[in-house]
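One chain comes next, on its own, written out as structure tokens in the form predicted alone.
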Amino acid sequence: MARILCVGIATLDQVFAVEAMPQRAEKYRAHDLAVTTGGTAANAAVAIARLGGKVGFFGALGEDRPGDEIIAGLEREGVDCAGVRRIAGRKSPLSAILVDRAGERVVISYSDPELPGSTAALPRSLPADVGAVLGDTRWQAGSAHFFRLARETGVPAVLDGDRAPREHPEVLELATHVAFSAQGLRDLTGSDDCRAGLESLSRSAAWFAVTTGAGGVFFRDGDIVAHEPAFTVEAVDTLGAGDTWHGAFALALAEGRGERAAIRFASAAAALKCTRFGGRDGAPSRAEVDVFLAAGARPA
């Protein structure tokens, strides 16, 4: 079985379920609470593990209690955290998240500006069993480092483009596959039109896509922009859905699926995640995705 390396941020998330988003400064009560690991790359790693993949995570955390909880949470899910560097005097990332009855969320996060820091301690080559690398934009230097190694080895290098990579724009050229959020594509291209935004990137050697939630996935298919619809589900919590999508997509590529088949697999995993509260805790198992697809689930 191929192993996936996920590179980027891991957080400790406190996820509050509320009836509606606060509109003024006063006290509010939540009707549910989940305390779990989060973060773009870490959520993707958990999704991969639940889908049956082998996965290792590279990032940096403080030597503090939240860091201990993050590591423990990831390891319980089967994520190899040997690549996590602990740094004394630094604070591990934390997030407070509100999720309303429609499944929409507001995220308030803190990341120590000194994390994750240098790439000097990262390996100089990929282990032989690595089938893909997934990097986020929270640690762009780390993503760029591993993408170079992936290019040298000839394995997929997937960038979760939830925002434009201003600090290290070379990750766009080093990645073999870039899947933006709608906001990330807009940040980079200035266009609110997903098709136009993707078309403006057509000269790059990378494969580009943009995930739009219920609007499905637009992607470059040769000289055209194609579209794969999303699956229709009753959303309870969209937190972590995009991260689940990227993890499932990277795993599918590592298993040898083509891009369109990988999109469908990833979209099914993300749809199931949206039906469950708790951020990444709602990521589905491989059996659940297989049953969902075998039962005749159809995109919207």
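Sequential numbering from 1, following the sequence displayed. Keep in mind the model is a prediction, meaning the values are calculated, not measured. Here the rigid core means the biggest group of C-alpha atoms that line up within 1.5 Å when the two forms are laid on top of each other.
Here the subject shifts to the form predicted together with another copy of the chain, a form of this protein not shown in this document.
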Does Lys91 make contact with another copy of the chain in the predicted complex, using a 4.5 Å heavy atom cut-off? yes
So, Leu98 and another copy of the chain: in the predicted complex, are they within 4.5 Å at any heavy atom pair? yes
Contact of Val291 with another copy of the chain in the predicted complex (heavy atom, 4.5 Å): no
Heavy atoms within 4.5 Å of another copy of the chain in the predicted complex: does Glu199 have any? no
Among 142-150, 78-86, 225-233, 160-168, the stretch whose residues bring a heavy atom within 4.5 Å of another copy of the chain in the predicted complex is 160-168
Scan Thr212, Thr119, Ser191, Ser111 and let me know which has any heavy atom within 4.5 Å of another copy of the chain in the predicted complex. Ser111
Going by heavy atoms, what in 28-56 lies within 4.5 angstroms of another copy of the chain in the predicted complex? Tyr28, Arg29, Ala30, His31, Asp32, Leu33, Val35, Thr40
Can we say the CA of Glu234 moves by at least 2 Å between this form and the one not shown when the core is superposed? no
